[in-house]
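First comes one chain, alone, set out as structure tokens in the form predicted on its own.
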Amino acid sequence: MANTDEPSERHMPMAWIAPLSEAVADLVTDGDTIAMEGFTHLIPVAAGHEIIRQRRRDLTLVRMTPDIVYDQLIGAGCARRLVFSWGGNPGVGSLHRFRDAVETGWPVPLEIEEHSHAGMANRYVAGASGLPFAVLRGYVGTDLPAHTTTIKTIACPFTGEELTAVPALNPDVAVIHAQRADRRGNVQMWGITGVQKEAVLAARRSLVTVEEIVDDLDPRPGGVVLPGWAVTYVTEVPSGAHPSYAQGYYERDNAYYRAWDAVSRNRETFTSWVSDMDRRAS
């Protein structure tokens, strides 16, 4: 059930419920900075595929652990820049479309900005907290500060200790997947979670795809609830995290990850995959 108020007439702070294609069309524009988070679990794959179908371009993609959905976005020509802390096909090997873009510029050149996991997580927390930067003890003994201009040393004003500062992340759009939402747009997730909450709170706009929309959310041990006022759009997309898993709904599709290695190694095979994805959606 979609909310019927126009954005300018919205009186109550709550998320709009809309189909995925409409939400992506309204939220994601060329040149945006997009964060799509989920740590091995609840990865927003269906939303990534919709961005590909809508042929968004010049995106800055942000993610702590870019895996195959970012490989697909990069190979489809959606990205010009990647901000990340690790990249790979988990349990299988490299991201071949990512590597091709960096090494040869196909289909378009890709700039990279590399951080540590701790650095990325702290950047989201700073963004969600309304702070300009985060401070941590990371990066000592690594080569990352020499290659990443957004890593700076800073002296503690109280002890003089040398620390590391990284700028806050405030994406234009954060995209996550969760198990459930209610009809007012309150979102609930449980199981292994990463920085989804922080990414949504740091972003200017947000999209949450969910397995199902229910009348009421029941308590879940260790669950995370994002209130409707913090979310721009909610859209019901069953199996929206496949081939990653959604605890309580389906398991990880390991065969898909293995098969992706062969699909992504060859440009022609990958291009056929993109065409097939478009045909399946039409």
Partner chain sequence: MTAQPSAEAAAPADYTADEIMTVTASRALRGEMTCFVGIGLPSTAANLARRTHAPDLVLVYESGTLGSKPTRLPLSIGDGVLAETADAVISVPEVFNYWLQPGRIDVGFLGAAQLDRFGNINTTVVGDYRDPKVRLPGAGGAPEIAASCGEVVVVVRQTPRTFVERVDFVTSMGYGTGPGHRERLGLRGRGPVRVITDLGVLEPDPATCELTLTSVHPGVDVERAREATGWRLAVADDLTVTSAPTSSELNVLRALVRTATEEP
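In this text the structure is predicted, and so the values were computed from the model without any measurement. Residue numbers count along the first chain shown, from 1.
There is also a form predicted together with the partner chain; it is not shown, and the following applies to it.
- Though the partner chain is absent from this view, in the model of the complex it lies within 4.5 Å of a heavy atom of just one residue from N170, N186, Q179, S116, which is S116.
- For a residue to qualify, one of its non-hydrogen atoms must sit within 4.5 Å of the partner chain in the model of the complex; none of A25, R55 and T150 qualifies.
- Residues placing heavy atoms within 4.5 Å of the partner chain in the model of the complex fall in a single listed stretch, namely 89 to 97, out of 152 to 160, 89 to 97, 68 to 76, 203 to 211.
- In the model of the complex, R258 approaches the partner chain with a heavy atom inside 4.5 Å.
- Shown alone here, A128 lies farther than 4.5 Å from the partner chain in the model of the complex, counting heavy atoms only.
- For G141, a non-hydrogen atom is located within 4.5 Å of the partner chain in the model of the complex, even though that partner is not displayed.
- Proximity of M36 to the partner chain in the model of the complex: non-hydrogen atoms within 4.5 Å are absent; the residue sits far from the partner.
- In sequence order, G191, I192, G194, V195, E198 are the residues of 180 to 216 having a heavy atom within 4.5 Å of the partner chain in the model of the complex; the partner itself is omitted from this view.
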